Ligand SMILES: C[S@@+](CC[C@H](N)C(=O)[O-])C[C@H]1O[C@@H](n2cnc3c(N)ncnc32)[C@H](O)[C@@H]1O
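Quick heads-up: it's one chain on its own, the form predicted on its own, in structure tokens.
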């Protein structure tokens, strides 16, 4: 009820790209025989049907953020034209963001995408950025950011109705641009229209190239006022529409995960913390045009020297596995591949499972490339006993550095009117409408008891080592050569008891790189880093509003008798408090995507992940699980 255990896949779940024929520069879908854009004037049709049909230049005037939704991403021409128009209007120079959300069941390959968009040289600078950040065909949501985070593209890869059913957003304008209804009816059926209507803002505009009667009737049945207007070019008619119905207020997911109403525009948001999560939350909120103050003390908690970003690859498909894949692809999207500096991740002891992993993650070579043990040895300049995979886009862990606006430690958090007053150690105070607690291992300010566990990490720097690997390498730990020495890390200890970190790390290294471990055995550690990491029992972060355990115990007591009782109410969270914690040793990878999620929830923007994934990270999940088992939530009277 509060988690998912899907079957383990035996092959890659990547969505198959479409088989294409080409008429000059125009791609044609072989399955339906339909073209991706008007061969005579593709851009003119996009601007005439969709941009003018929804009145974008007038509709988004004066808006801090604006969301366009689309069915059928195709070549991305509609997105590029919308982005180009946004850049040429005053809104692009204001604090705020353009969101573009698009569903696509069969994503093009990067090569086909680039070939199709080459037909529009005036859009070439934008097209190059899109192609560079194009994700592999992993089903699910993919957030991509452009123009210094001023434009956010959220791609929904998979069947339209299912993907839209997982979307949380308030869409201001819709482009319905799937293949023709007769050739692709699933893109236009009642389920799709119902879901896009569910996430439409009151008064939302809609435009499409078709005037099919079935489409008009379905739109009207879901609250759209439909108008038939002259079509573009040789097409006689098409449809414009306006959403006249207020969206339903019922949250379609688990009621205890229902988000509170967005309040980020009601006043400043204070982000408390000094680690990578706090930095990315602050960055994402500011991208949404939200006034944000970051408060932190001391050295950034996530400033681990000599770290690497290596994805957690899994054959499973649970929430933790999905988050790992989404986060890694989001982190590496804007990075140009560099085969010469690629991190090599070894897989000691995997055996046949390694081959299954590589079959599952059949991404392009510029994302991941499997190598055998002999090739790994050549790449590293030292013997490897394990196969592995090169990661040409993986960066070294040099976190996005953003210094706090208010250096200092918050010592008290008190209600003040409709907001909060934060008192700092120096006696100064700050008022905020909303507070995000991203304080890592320090949970002193968190008013809700949660099952957070501390794990301790140690990383050592070996000075003047007799041997170093030719490239950064991961082996269950990692080794990175720097001008100051070889950084080797990182332990994951249950206690903070002193120990020989070097011996522990070299013992782990010896399982994959025995010669390197032997050569380093007598090398002293010149420096050592240690720090605490917060983790959770289910290995998922805690992201979302905080709550009173007593209130949860009272409101959700019926779940002890019937875990699917539909009568339970939406969660009433503690007002104005959001928690981000439990990122473990992967904050550098998950921090950017989780920052986008928190900013979206507070600003009322489209969520960058599926609803079920956001629900799996909600802090209330452990209290709900306890109630279902007939136990009192932590912090509630038994």
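Being a predicted model, the structure only gives us computed values, none of them experimental. Residue numbers count along the first chain shown, from 1.
There is another form of this protein, the form predicted together with the ligand, and it is not shown here; the text below is about that form.
The ligand in the model of the complex is not approached by residue 563, whose heavy atoms all lie more than 4.5 angstroms from it. Residue contact check for residue 187: one or more of its heavy atoms lie within 4.5 Å of the ligand in the model of the complex.
In the model of the complex, residue 45 stays away from the ligand, with no heavy atom inside 4.5 Å. In the model of the complex, residue 76 approaches the ligand with a heavy atom inside 4.5 Å. The candidate stretches are 322 to 330, 515 to 523, 153 to 161, 130 to 138, and the one lying within 4.5 Å of the ligand in the model of the complex by heavy atoms is 153 to 161.
Note on contacts: among 172, 91, 288, 104, the single residue with a heavy atom within 4.5 Å of the ligand in the model of the complex is 104. The partner is absent here; in the model of the complex, the one residue of 469, 544, 178, 311 having a heavy atom within 4.5 Å of the ligand is 178.
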